[in-house]
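Below you will find one chain, with nothing else, as structure tokens; this is the form predicted on its own, and questions on how it binds or moves follow later.
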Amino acid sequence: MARAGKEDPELNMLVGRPDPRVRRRSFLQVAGLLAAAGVAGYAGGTVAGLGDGDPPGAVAAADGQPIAGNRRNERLLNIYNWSDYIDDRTIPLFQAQANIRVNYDVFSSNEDLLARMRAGPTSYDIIVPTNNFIPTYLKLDLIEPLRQDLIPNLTNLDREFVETDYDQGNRYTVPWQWGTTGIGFNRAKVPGGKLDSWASVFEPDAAAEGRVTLLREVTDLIGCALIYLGKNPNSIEDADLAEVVKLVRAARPKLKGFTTDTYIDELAANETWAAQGWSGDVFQAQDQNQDVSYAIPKEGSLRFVDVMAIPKGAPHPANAARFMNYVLHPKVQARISKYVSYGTPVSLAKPLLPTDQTADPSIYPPASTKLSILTLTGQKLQKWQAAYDQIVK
């Protein structure tokens, strides 16, 4: 995605001068320093250089008093999100305005997150699974209803993110960002400087051997392989899944590997030439290497929504609701979306984004693009997981 050009002045005021991208390790170091400063350091004011331009009234006034509705009487919030999926100002600004200290941790796959939640109670207040896993979370009773009375900014959501098949009316989830699954590739390394088919990663050329990666995610790996094979992307037919297993196992000797959290750096460093990946991640690699491009394959692909949810029995559900409300403010959505290059579920944020971002069909695909939204539950989850295990393990 092109970064050059004139950007919206209001957004420039919000985000200030561009900072180096916060990588997983460096963000945790920053968060640790902020936590060490203690909650009192944020009471009723701003941190120098961080409070300017923050939306007024996005959270309740910070008065140092306990917040009703929490199971633990603490001004604390524990967030578990994907790595490389937030700008470097949203957490400090929220802490400064809400007087709530944030501990921010990261994971790298939906499978890892689900296993962590199934293992037993945790201290997390917000987790960010992908929409197709929500039916499983509900069936296993792993998440609890939201305090919608503390999230008035739910009215900012576009209707398509409210009227969903996985959580009608946002009773359990609030969208974070959305995107597509496609191919990140290095134009200088691939023939003709262009890739437009899933064949480039599922049946890579000999010249690209050891330079191609696939996602270590059940939904993306199985769903996209089904699409490439011309099958129903929601198929649970044994014959279709057997073809998927055969296809990907045949590709394994030519792959660099399966990954969810290293391909950004590998694309940027020219170590990977083609990677099945998520749209915003590839744009992050492009920030570091202008030879990197993103394509939604001609055969079609998947669209996903990553959603915030509150684990069952979370210690600070009211604090979590206040953060969700903050994130749904258009200015905050614009700040996050601009930084991570994923789609925003709040249309009111789009006028605050650079026009080259909102006009980019790789971020906001036209209606003619063939995209499927998948949901994993019951027999489908079991069959897809079994096929995935045959491929990856």
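Keep in mind that this is a model prediction, so the values were computed, not measured. Each residue number is its position in the shown sequence, starting from 1.
Below, we turn to the form predicted in complex with a small molecule, even though it does not appear here.
Using a 4.5 Å heavy atom cutoff, Thr219, Asp281 and Asp306 all lie near the small molecule in the predicted complex. The single contact residue among Thr130, Asn78, Asn186, Asn153, judged by any heavy atom lying within 4.5 Å of the small molecule in the predicted complex, is Thr130. Residue in contact with the small molecule in the predicted complex (any heavy atom within 4.5 Å), chosen from Tyr294, Tyr137, Trp198, Trp82: Trp82. Shown alone, this chain has one stretch from 239-247, 189-197, 205-213, 273-281 that lies within 4.5 Å of the small molecule in the predicted complex by heavy atoms: 273-281. For the chain shown alone, Asn110 is a contact residue for the small molecule in the predicted complex, at least one non-hydrogen atom being within 4.5 angstroms. Contact annotation for Tyr339: none of its heavy atoms lies within 4.5 Å of the small molecule in the predicted complex.
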